[in-house]
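Listed next as structure tokens is one chain, alone, in the form predicted on its own.
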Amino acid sequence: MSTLNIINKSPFEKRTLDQCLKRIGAGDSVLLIEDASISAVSGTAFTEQLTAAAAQSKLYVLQPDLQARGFNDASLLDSIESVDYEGFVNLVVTHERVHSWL
């Protein structure tokens, strides 16, 4: 069963991203939204961890949230795909489960 894991908390303030990445399985996806979107930027303390997670899972970031924080697609890690709101909805309907990490 594939799971879409949605993370919205800043990894610089909460351990949500770390906890999620330790528990995801092959075929799962992670969507970074709101304050979690900043972890998708290349060169942060989370670059290595996210790159390793991308070997078994698909990683996404919500583009409007990334832009609201002053970043664009050019600043993303190569292993992370940006999606718009329509893409967010498509991720939800194509996964069997959705888990929002609080």
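What you see is a predicted model; the values in this text were computed from it and never measured. In case it trips you up, residue 1 is the first one in the sequence shown, and so on.
As for the form predicted together with a further copy of the same chain, it is not shown, yet the points below apply to it.
For this session: Considering only heavy atoms, tell me if residue 60 and a further copy of the same chain come within 4.5 Å of each other in the predicted bound form.
Result: Taking the distances in the predicted bound form, the answer for residue 60 is no, it never comes within 4.5 Å of a further copy of the same chain.
Exercise. Is there a heavy atom of residue 78 lying 4.5 Å or less from a heavy atom of a further copy of the same chain in the predicted bound form?
Worked result: Looking in the predicted bound form, residue contacts with a further copy of the same chain do not include residue 78, since no heavy atom lies within 4.5 Å.
For this session: Taking a further copy of the same chain as it sits in the predicted bound form, which residues of 1-31 have a non-hydrogen atom within 4.5 Å of it? Please list them.
Result: The stretch touches the partner through 11, 12, 13, 14, 15, 18, 19.
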